[in-house]
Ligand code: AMP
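Below, in structure tokens: the form predicted alone, a single chain.
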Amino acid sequence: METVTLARNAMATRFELVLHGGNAGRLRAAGEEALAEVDRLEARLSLYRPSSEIAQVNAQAARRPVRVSPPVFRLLQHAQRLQRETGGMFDIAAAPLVRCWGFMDGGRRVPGADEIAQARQRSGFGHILLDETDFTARFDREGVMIDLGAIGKGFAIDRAADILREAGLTSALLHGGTSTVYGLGHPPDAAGWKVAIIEAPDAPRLGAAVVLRDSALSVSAVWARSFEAAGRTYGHVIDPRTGHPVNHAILAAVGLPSATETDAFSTALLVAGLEGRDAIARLRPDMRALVVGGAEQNFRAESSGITLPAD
């Protein structure tokens, strides 16, 4: 049994593949093609590449319909369905709020109430008009912005896994940064891929792990990009419904067969917090969900389908 490991920097993170099979050359060729697909998707989805389809939509869609490729259009439709299902807790059109808090340009700060109110007027998928007849997207006002950062990596991992399957691979682990991982089949020496959930700074050690077999796990947390002001810590995940950073949960993890959906639902679960865990978990009958909430060391974890160690 051969093992091949490959890595590529893309989508502002590091994608890594661990591939098992009988022929190292075949494994490497399939892995390189999977990573090339991640590169192709970054060129289409990146908010920061002026030539990308999403950048073109952001620049022009307030003035005219902008045509996108069928895969990108389907992803926008999927994001629209998820926005509706989660009651707005996941929303790819919350980018004006993220920018308002300075998480896009690095100038992190607490904006005034008027500034947040203005950003909220430009935020929300309700301002995006999708036309399936010609695969176009249009905004109903200036200042609307799409950011696929909370779903794009999961989508890329799903596409990479599809390419590995099409090449005949049956055992692989695909990892996109510290946020999303997909287990294809199982490793040679186990029934599934055992993945540990990264724990929060200053929180009790969870020790939670998930076994993946043809399924994905995504983790969203508030400490990845945060800042302090006036004695408070503000995380980079914004609640699209209020315009303010999430403050009632610090970590959320979701397991499902689709990495696209785990990426999105982990963000929604972080926004929902402990009180909203059941509502999010009910959206998919096979969802595994974990959320950690609390403050000042009084942390509490609740899960469904993810086993936590006994105290």
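So that there is no doubt, residue numbering starts at 1 and follows the sequence shown. Worth saying up front: this structure is predicted, and the values here are computed from it rather than measured.
As for the form predicted in complex with the named molecule, it is not shown, yet the points below apply to it.
- Comment: 232 to 240 is the region of 163 to 171, 133 to 141, 118 to 126, 232 to 240 lying near the named molecule in the predicted bound form, near meaning a non-hydrogen atom within 4.5 Å.
- The closest non-hydrogen atom of residue 145 lies beyond 4.5 Å of the named molecule in the predicted bound form.
- At a distance threshold of 4.5 angstroms between non-hydrogen atoms, residue 90 is in contact with the named molecule in the predicted bound form.
- Of the heavy atoms in residue 82, none are within 4.5 Å of the named molecule in the predicted bound form.
- In the predicted bound form, residue 98 approaches the named molecule with a heavy atom inside 4.5 Å.
- Distance criterion of 4.5 Å from any heavy atom to the named molecule in the predicted bound form singles out 149 from the list 111, 177, 187, 149.
- Out of the listed residues 74, 213, 225, 194, 225 is the one that sits within 4.5 Å of the named molecule in the predicted bound form by at least one heavy atom.
- Taken together, the three residues 217, 258 and 260 lack any non-hydrogen atom within 4.5 angstroms of the named molecule in the predicted bound form.
- Contacts between stretch 264 to 290 and the named molecule, counted in the predicted bound form as any heavy atom lying within 4.5 Å, involve 267, 271, listed in sequence order.
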